[in-house]
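This document opens with one chain alone, in C-alpha cells, the form predicted on its own.
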C-alpha cells in the first residue's frame, strides 16, 4: 500500500473533505504545489483554483474549488483553510460565466484603483471556477 497523508479541506461554512490521500495538488501564490506524504512543513497562502486530492486506494481524484486561503503542511497532515470551498461537482457554470462577464464589464467601467482591483479579483475567481469545471468535465 502506498504511503498516505491525512488531508482536511475546510471553509468557514463547512468541512469539505477529510481523509487519507496519496497526494494533493493545489494553487499556490507562485505556482502549483504538489504535496506528498512526509513533505517538509510549510505554511503558505493559496489562490483561487482547484485542489486535486488523490484518495488512498482510489483511481479517481477529488476536486474542490477554493477561493483562496491558507495551506498548512505537516509531515503527516495537510490542512487547507479556504475562504470559500466548493466541491467541483457543485459548481454552477452559468453563475461563473455571469460573474466573469460582470467582472469584465466592471473592469471597463471603474475608475479607481480599488474598484479595478476588486473587479480583477472577481474575474480571477470566475476564471478559476470555470477552469475547475473544465477539469471536472475532462475527467468524466
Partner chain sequence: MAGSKEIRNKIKSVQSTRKITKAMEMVAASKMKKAQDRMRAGRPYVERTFAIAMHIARANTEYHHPFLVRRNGVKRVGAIVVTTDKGLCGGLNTNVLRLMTQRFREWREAGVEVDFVAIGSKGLGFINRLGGHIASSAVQLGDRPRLERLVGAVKVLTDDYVAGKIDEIHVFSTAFVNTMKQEPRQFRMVPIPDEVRTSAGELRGGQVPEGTWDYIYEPDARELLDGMMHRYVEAVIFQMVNENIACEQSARMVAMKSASDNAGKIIEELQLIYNKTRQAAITKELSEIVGGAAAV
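Positions refer to the first chain, counted from 1. In this text, all values refer to a predicted model and were calculated from it rather than measured experimentally.
Not on display, but discussed next: the form predicted in complex with its partner chain.
By the criterion of a heavy atom within 4.5 Å, residue 30 is counted among the residues contacting its partner chain in the model of the complex. Of the heavy atoms in residue 79, some are within 4.5 Å of its partner chain in the model of the complex. Looking at residue 42, you'd find a heavy atom of it within 4.5 angstroms of its partner chain in the model of the complex. Interface residue remark: residue 92 is not counted as part of the site for its partner chain in the model of the complex, having no heavy atom within 4.5 Å. Of the candidates 86, 103, 96, 73, 73 is the one whose heavy atoms come within 4.5 Å of its partner chain in the model of the complex; the others do not. For the stretch 5-24, the set of residues having any non-hydrogen atom within 4.5 angstroms of its partner chain in the model of the complex comprises 8, 10, 11, 12, 13, 14, 15, in sequence order.
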